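Presented below, as structure tokens, is a lone chain in the form predicted alone.
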Amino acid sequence: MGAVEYGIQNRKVDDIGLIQGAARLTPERIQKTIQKVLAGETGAKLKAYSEICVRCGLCAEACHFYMSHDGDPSYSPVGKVKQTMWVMLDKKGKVSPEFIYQAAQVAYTECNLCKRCVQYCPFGIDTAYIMLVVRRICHLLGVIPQYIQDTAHSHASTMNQMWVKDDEWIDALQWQEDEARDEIPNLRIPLEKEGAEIMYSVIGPEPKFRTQLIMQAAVLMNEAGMDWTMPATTGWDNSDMAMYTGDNEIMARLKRDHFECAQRLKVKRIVMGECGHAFRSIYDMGNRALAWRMHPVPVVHALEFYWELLRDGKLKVAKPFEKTVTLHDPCNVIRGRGLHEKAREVVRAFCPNFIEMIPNREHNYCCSAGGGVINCGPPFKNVRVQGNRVKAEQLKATGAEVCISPCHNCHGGLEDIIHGYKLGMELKFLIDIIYECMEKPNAAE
């Protein structure tokens, strides 16, 4: 019996990881794996969600996929659960390889795990949690989009997302230190400084593709007079695509390495760069995978850190950023951490011509790239872009010249939307604007 018989919509995308993974499956292995996860890794939470959902559909218009596909019910949160987890529960795991293929496609590429739908469910059902359970099952069955699985392999092999070798990491830091010293002659990026107040932590794409963000952060730290350091060993990368493949074991290894790196350096806290999924991994999921009730080292996201510096007078505005700007609220630090007002205080301090998106704050639409969806790679790019027409309409309605996106995955997803719908907007990280407009008392004449 195939996926169509179970009610999954037939919009199959060819992906080598899904094709080869499904080809290796047997009905017996599928049933055994599903039953093992349901019995050993879920419990009362999933049972309660499955029993109290009344199929009211109030979650539907919270989902950008549903809205962007003109109300197709199969894209609604409840529709995605109905096509995947409810079938597994109803059939007690007796489903076909074809079903697993298409259930994986739904879970990995048609849900961003953004949790917007949770706010509109009268019972608070967490569809993102249910989709993560589906991904966990697919991971254990080896049915995962190839691109994101390759990224998880990079984490497993090198403890970073981008196959960055140890010497390449240090070279990138030295390069950015040299770049910064053209402007701030006395600047250093302190490596392995034991007992510093702050360990500054970034994600793998920064040394690989966006090294200017490291330079800008170094200038901010230097000019604000921070006592800080960066590690020279593994643990520097706080990103975590294993969290989104369902590989909880690798996720736990990554977080242990990250926190133990900070503990080895005896820092007071970790300040993370502008990334949402990494913050979710460290602040919410990775630590719990290790059975830690609290973090062994306090963690602060960049948005909160900027706000602290502004509050304490350590970050000052030298000139306003005059272009009209709007702010994208990243799911994992806004709905996930509540930093919406602090983000706005920083933006308004630098940007007098600020225009809100509608809706905004915790009600903002997802970028359609988070939750690992952008990391599923080129086969699913059109799925992402077409699945977020409402975001393009939301951006266009602001009339802003610049969109500030303080998150890497959001940045990548919004870039595709801006180009795909020909919006003609600039896209910036918040640190781009801070670096351009902040006071730099130690700058060369």
Partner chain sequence: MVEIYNFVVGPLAWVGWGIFVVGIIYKLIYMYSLARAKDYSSLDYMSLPFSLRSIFVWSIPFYATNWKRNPAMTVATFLFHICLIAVPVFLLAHVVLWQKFFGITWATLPDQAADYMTLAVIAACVFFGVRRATDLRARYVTSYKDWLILILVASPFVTGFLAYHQIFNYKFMIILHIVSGLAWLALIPFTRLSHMFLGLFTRAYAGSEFGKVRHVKDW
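Positions refer to the first chain, counted from 1. Note that the structure is a prediction, hence the values are computed from the model and not measured.
Just so it is clear, the following notes concern the form predicted in complex with its partner chain, a form of the same protein that is not shown.
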Please tell me whether any heavy atom belonging to Y66 falls inside 4.5 Å of a heavy atom of its partner chain, as the geometry stands in the predicted complex. yes
Report yes if any heavy atom of Y283 sits within 4.5 Å of a heavy atom of its partner chain in the predicted complex; otherwise report no. yes
Closest heavy atom of K91 to its partner chain in the predicted complex, within 4.5 Å or not? no
Answer for S96 alone: is it within 4.5 Å of its partner chain in the predicted complex, judged on heavy atom distances? no
Of these, L414, V402, A60, I34, which has a heavy atom no more than 4.5 Å from its partner chain in the predicted complex? A60
Only hit among K314, K323, R348, R288 for heavy atom within 4.5 Å of its partner chain in the predicted complex is R288
Could you tell me if all three of L220, I355 and G420 have a heavy atom no more than 4.5 Å from its partner chain in the predicted complex? no
Counting only heavy atoms and a 4.5 Å cutoff, which of 379-387, 392-400, 36-44, 406-414 contacts its partner chain in the predicted complex? 36-44
Do any residues of 395-433 have a non-hydrogen atom within 4.5 angstroms of its partner chain in the predicted complex? If so, which ones, in sequence order? none
